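The chain that follows stands alone, in the form predicted alone, written as structure tokens.
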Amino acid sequence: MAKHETPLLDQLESGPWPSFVSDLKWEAEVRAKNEKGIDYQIPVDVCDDLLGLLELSYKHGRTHWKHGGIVGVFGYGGGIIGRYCDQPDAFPGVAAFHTVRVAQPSGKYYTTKFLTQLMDLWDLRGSGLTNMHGSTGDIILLGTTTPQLEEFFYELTHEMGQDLGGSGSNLRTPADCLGTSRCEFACYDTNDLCYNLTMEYQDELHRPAFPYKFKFKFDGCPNGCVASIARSDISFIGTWKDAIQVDAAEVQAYVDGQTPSNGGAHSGRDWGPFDIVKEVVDLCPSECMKYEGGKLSIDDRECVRCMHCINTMPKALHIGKETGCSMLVGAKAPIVDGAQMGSLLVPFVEVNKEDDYQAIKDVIELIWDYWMEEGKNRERLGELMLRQGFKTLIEKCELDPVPQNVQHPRTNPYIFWKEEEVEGGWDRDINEYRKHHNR
């Protein structure tokens, strides 16, 4: 029998879709019956009281959670989010309700044994409630008490060989797509790069020393299944330098209707015969494609890697052979200056396992040196870029600017030169011009 009346929450169960309220009620009932005979280490009524507190928040139109400040395990500054409610007498089951972030494996590959172990451990030492996965990427375990944190951490690390994720002003748990392990479009091994950087930067992950949080996310191709371009301080997006591979015979098979477009993904609707001009060529954002005389041609110099043509005709078109990734920086959700998409910093870098990804790490560490020196408290990299200019970041990363770094033509009529660019620079440039043009 539920302890609390929840008429407002009950409305969230009335629609056609699954409801988290139903899940909470189910978990509350399971814990109340305790048919497994689990020796719960936190209050049995944790889920009941969570429902009651949430109902009160809906009734009052404001949250009844307060931030718990710093709470964690010995030696780690990140991984645990302290949380307390402001109504502990009315809802003692959630007087403390700490969230634990657990590092997810690369590509989110699990064994059933691992998941069973984790859920059994969380049933014992937590609320049994999970969020698979949060926006950071981690396994999110919702709700436990302070005395259980060290106990949970010991069993997680010593018995399961798993580590906590990131929280606070540190490197958050890196997240990646399936990459080359499952996807034909992947331009690099996202799983290996994600794992390598996670292991390389353990100190930055678990011991907060940054101005604010910092996220890596890895997309194997421009389809962006992890949405890294919108929600990571450094986004690694797979790309290629050479031409899209074209199989002319397969192109014809699509045109003739022998092969269904979009991998046959039409959700059962009859869209009529495939029209390559209307569905592919005319939808190319850079207008780099033509279909004339039964032949598809692509001006690859103008291709912006949108992936539409490859997604539509995956048997006929494929990514190039000279693959690597682009590095974009500064994406974030709204905090101070609103949401930002990533800005292109490094147009192409080889993702080289043989040299331990050193070229990528060199850029990362230069960015961190700059951000930690110049960033204000709670200022994301993207906000620092807005405040000091993208030009400054390029200089600090010791990169030469290229046309791909330019978002739009300059609109500011004022040009500021450095002293070393002025002293003798103009004469030198004129002499070079004359020499090369025989003037």
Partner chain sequence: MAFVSSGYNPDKPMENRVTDIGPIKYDNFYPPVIAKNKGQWKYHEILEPGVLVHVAASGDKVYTVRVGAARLMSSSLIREACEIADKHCDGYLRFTTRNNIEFMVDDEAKVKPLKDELSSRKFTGGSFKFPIGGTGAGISNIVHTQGWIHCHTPASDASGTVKATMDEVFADFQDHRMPAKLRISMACCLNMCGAVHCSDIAILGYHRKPPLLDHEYLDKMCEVPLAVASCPTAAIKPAKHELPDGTKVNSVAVKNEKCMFCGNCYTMCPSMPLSDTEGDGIVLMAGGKVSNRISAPKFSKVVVGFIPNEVPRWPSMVDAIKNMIEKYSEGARKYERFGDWTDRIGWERFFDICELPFTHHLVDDFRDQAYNTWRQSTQFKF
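Numbering follows the first chain given and starts at 1. Quick caveat, the model's predicted, so the values are computed rather than measured.
What follows is about the form predicted in complex with the partner chain, which we do not show.
- Not one of 290, 321 and 409 places a heavy atom within 4.5 Å of the partner chain in the predicted bound form.
- Taking 243, 344, 283, 90 one by one, only a single residue has any non-hydrogen atom within 4.5 Å of the partner chain in the predicted bound form, and it is 283.
- Note on contacts: among 296, 229, 351, 364, the single residue with a heavy atom within 4.5 Å of the partner chain in the predicted bound form is 229.
- Though the partner is left out of this view, residue 413 does not reach within 4.5 Å of the partner chain in the predicted bound form, counting heavy atoms only.
- A residue is said to contact a partner when one of its heavy atoms sits within 4.5 Å of a partner heavy atom; residue 370 fails this definition for the partner chain in the predicted bound form, lying far away.
- With a 4.5 Å cutoff on heavy atoms, residue 61 counts as touching the partner chain in the predicted bound form.
- Proximity of residue 97 to the partner chain in the predicted bound form falls within the 4.5 Å heavy atom cutoff.
- Residues of 42-66 that come within 4.5 Å of the partner chain in the predicted bound form, judged by any heavy atom, are 42, 50, 54, 57, 58, 60, 61, 62, 63, 65, 66 in sequence order.
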